[in-house]
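What follows is a single chain, given as structure tokens, in the form predicted on its own.
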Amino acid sequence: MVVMEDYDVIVIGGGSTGTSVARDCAMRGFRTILFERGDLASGATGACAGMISGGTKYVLQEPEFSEMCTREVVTLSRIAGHIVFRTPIITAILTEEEIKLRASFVEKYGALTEKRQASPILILSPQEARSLEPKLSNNIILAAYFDEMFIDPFRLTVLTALSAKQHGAEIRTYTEVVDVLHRDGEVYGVRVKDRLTGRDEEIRGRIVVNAAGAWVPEISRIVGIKQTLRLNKGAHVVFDRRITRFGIICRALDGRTVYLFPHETGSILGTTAIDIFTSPDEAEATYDEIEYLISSMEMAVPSVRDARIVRVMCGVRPLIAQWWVPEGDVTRNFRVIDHEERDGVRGLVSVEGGKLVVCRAMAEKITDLVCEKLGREAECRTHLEPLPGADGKVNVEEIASRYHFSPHTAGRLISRQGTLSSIVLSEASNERSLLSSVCLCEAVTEAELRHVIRNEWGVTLDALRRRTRMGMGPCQGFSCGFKAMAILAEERGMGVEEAFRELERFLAERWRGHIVVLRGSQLSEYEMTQAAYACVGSIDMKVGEEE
């Protein structure tokens, strides 16, 4: 057992909230370390559609929270501009009853759109709506146009962690907190296990921040604290193409709201909202959930069923425990818990609830409490300092011309790396082969992969996927998995057997996103894919089998 020196703050959880806490604490001068048992953004953060909404759903029920969301949209657009994008949306109205329901928020939400310089809400006739989006159903009776901002949740989390590191924080991925060290009503550190090497360590800290999302109660339970969340499962369907030019919102079959958003090279259909009472590790999307989403959206976009599904993803929302109310009425606001004040346990702070859009605001409130408890006066600056890569504009044509590669590939790189693109490409000046595309679907070059392995905790193929979208396009890693494996093996000094085990783990993870939708032609297609891996790639993997 290795015992490390003391830190001021230990953060548990590497999602958007945990990394934001690590960044804020480090920027205020605290010696900070973060532990994530998997990869960054491998929980609920990475299983969302990326909308950073001004709060359409809560404008009537929680106007103050909607105002906060709006402020944070503006802030994220300023500090992370290269990974924020605007999506035009059409709300398709199918019944007279829905006109009354939708009308109630138009005026109030319209005021919020002005604050973030978005398009005003426009009411469209069915003919006008279909002229904009021909794939809309002939059965719509009215429509509303507006737009929302979206962000790449993977890049947001990684860049936030990178900023934390630049300010002195230590970021440890694939490192699980297996025990919280405590005695006499005081938490003083954690015991962790490196899941890649098996190494055990004890780390001492003055404050432990439990930002583990749906796993917050499990961490609190270690020190004898009962903490309840309303865990709510959300499933999404990912398609291989942009089905519509606009985002589409409509009522689901049960009266909820579902959406179909163009996203990167594909489309995302979501989402379900089902309370669960098992471990969040056991949450999986079901075929019925997927059919519910497709059948609901089919009412507004009939062709959605014809599109090829490439993946299903599922995350668990760590909602504040409000009971005896429908899921849709549960707040998406957050609460910071000082366990000394509430439970008599010193040195432990946790956070409940929240949304992606307010991750920075959540971290600010948590860090304010940390400052109070550790006796330090330091102002928050996370809303002022841009994230890495967001400190200026990059000209796509200029980069493409300078390094002699396609504007499309240059544009995709810049959309992920921003001003860091020149650093990514600098090594390619003397070695042209580094500009070859490893992932054709997502225009990912060898230079980018090597950069994230060396600088962004890209220690597994799954981590490379989150940072670059390698393997997230239509082929789902089929054409790029082997090439990426070779690059990762070279960078990390992996032997042949270890490298192939890593590829098998990556394919098994892809399998979990495929299995629920394997019917008809999709099943035949996957059988062909498996045959190619076995016959050409010599990977005779038992699908779904893990070490």
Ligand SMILES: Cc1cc2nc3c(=O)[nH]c(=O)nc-3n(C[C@H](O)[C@H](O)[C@H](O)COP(=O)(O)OP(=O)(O)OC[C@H]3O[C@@H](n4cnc5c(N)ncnc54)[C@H](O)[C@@H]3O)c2cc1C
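From 1 onward, residues are counted along the sequence shown. These figures come from a predicted structure and were not determined experimentally.
Another form, the form predicted in complex with this ligand, is not on view; read the next lines as being about it.
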Position in contact with this ligand when the complex is considered in the predicted complex, options T175, T460, S296, T409, heavy atoms within 4.5 Å: T175
Interface stretch in the predicted complex with this ligand - options 484 to 492, 37 to 45, 23 to 31, 507 to 515, non-hydrogen atom within 4.5 Å: 37 to 45
This ligand contact in the predicted complex: R317, any heavy atom under 4.5 Å: yes
Contact label in the predicted complex: V59 to this ligand, heavy atom within 4.5 Å: no
Partner proximity in the predicted complex: A211 to this ligand, non-hydrogen atom cutoff 4.5 Å: yes
Partner proximity in the predicted complex: A235 to this ligand, non-hydrogen atom cutoff 4.5 Å: yes
This ligand in the predicted complex - contacting residues of 352 to 371, heavy atom within 4.5 Å: G354, K355, L356, V357
